[in-house]
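Only one chain is shown below, in structure tokens, and it's the form predicted alone.
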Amino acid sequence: MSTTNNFQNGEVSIDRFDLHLGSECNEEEPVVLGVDGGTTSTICVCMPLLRISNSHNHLPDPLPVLGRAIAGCSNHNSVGETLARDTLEQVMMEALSTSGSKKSAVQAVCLGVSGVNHPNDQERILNWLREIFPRHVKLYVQNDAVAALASGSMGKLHGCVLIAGTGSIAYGFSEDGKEARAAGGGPVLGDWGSGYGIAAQALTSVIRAHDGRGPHTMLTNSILKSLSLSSPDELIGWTYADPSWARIAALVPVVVTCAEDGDDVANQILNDAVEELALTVKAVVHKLGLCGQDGSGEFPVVLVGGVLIPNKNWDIGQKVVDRLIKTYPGAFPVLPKVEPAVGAALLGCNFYMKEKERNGVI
């Protein structure tokens, strides 16, 4: 993929400000925690608090990550409130520990968590955090797509992000701060361009071929071999033995390989996924008017997730961008150079400093 915008180089300066490492009156270096909580895993990074001043330098390169930790799923819709809360607390404390920082050094915590789809979801997680951190700590909770967008824009909330991993979602912000989303409701509600959606259709195609209700496909032998099964009949037991969405989505590479080997069924599944993902982005662009009144306005499309990683001959992300450019010639792809957890930390820094500025502290 190619782009001509500064976003891809990590050379984005924050409007009216530049950032430098902060220092406080106490001996502890102030830090911020950024969390990316997805359906498959949860990652937390600890970074110094990046302070905002009045010139126009760029973000530090490389960005200073003091500590990092990883844990399991923190989506309360998938694992329940108790496990989600425990996972978030565990991963944040581990990141602090590896950084050598104490809880008292934390100035802000910004979480981008899947399953945050309503103000009630935000308030639930904020209540968890209030019991973990001292009162002075500023707390920000967003959907994980917002952190992913920030990882591509280096903290600037503008444009659209497309996430296609286990699940899929598009989320965007206009220049005036309006936001919109599409998809992200999970497999039951139709995230069909997601890894789960692709793999579920592949499994369905194998069963249809076995029954005589669908065409023969390479997917049958390839999937059975990858799962060490001997017959399509065994897929029923395998599928329902574990309800994990990520377990199903892990079959996506098999589908891609079959498509690259010329299997018509696998190719159709991937082409359908491309159309669904493009429609998801288009819905957000339309809601926010990102393309401008004449339809040619420029805006970034940040691409995140395993489904969008280029393969030998089947680059789903590029095919989605190709579809978008036909409608929105000003759309340009951005492949993040930092992970979404770092994007969340940058958002935490920006939210914190802007709040301080509004209150006349800086």
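Everything numeric in this text was worked out from a predicted model, so none of it was measured. When you see a residue number, it is the position in the sequence shown, counting from 1.
Although not depicted, the form predicted together with another copy of the chain is the subject of the following passage.
Participant: Check Ser74 for me: does it contact another copy of the chain in the predicted bound form (non-hydrogen atoms, 4.5 angstroms)?
Facilitator: Output for Ser74 is no: heavy atoms all beyond 4.5 Å of another copy of the chain.
Participant: Mark Gly184 yes when one of its heavy atoms lies within 4.5 Å of a heavy atom of another copy of the chain in the predicted bound form, and no otherwise.
Facilitator: Heavy-atom contact with another copy of the chain at 4.5 Å: present for Gly184.
Participant: Please run the contact check for Thr166 against another copy of the chain in the predicted bound form: heavy atoms, 4.5 angstroms, yes or no?
Facilitator: Thr166: no, not in contact with another copy of the chain in the predicted bound form.
Participant: Even though the partner isn't displayed, in the predicted bound form is Leu229 close enough to another copy of the chain, meaning a heavy atom within 4.5 Å?
Facilitator: No, Leu229 sits far enough from another copy of the chain in the predicted bound form that none of its heavy atoms falls within 4.5 Å.
Participant: Looking at 132 to 140, 97 to 105, 274 to 282, 152 to 160, which one sits within 4.5 Å of another copy of the chain in the predicted bound form if you count heavy atoms only?
Facilitator: Among the candidates, contact is made by 274 to 282.
Participant: Go through Ser174, Asn267, Asn117, Thr257 and name the one with a heavy atom inside 4.5 Å of another copy of the chain in the predicted bound form.
Facilitator: Looking at Ser174, Asn267, Asn117, Thr257 one by one, just Asn117 meets the 4.5 Å heavy-atom criterion.
Participant: Honest question, do Phe299, Leu303 and Leu335 all end up within 4.5 Å of another copy of the chain in the predicted bound form by heavy atom distance?
Facilitator: No, the whole trio is out of contact, none within 4.5 Å by any heavy atom.
Participant: Sequence order please: the residues of 232 to 246 with a heavy atom within 4.5 Å of another copy of the chain in the predicted bound form.
Facilitator: Heavy-atom contacts to another copy of the chain in the predicted bound form: Asp233, Glu234, Leu235, Ile236, Thr239, Tyr240, Trp245.
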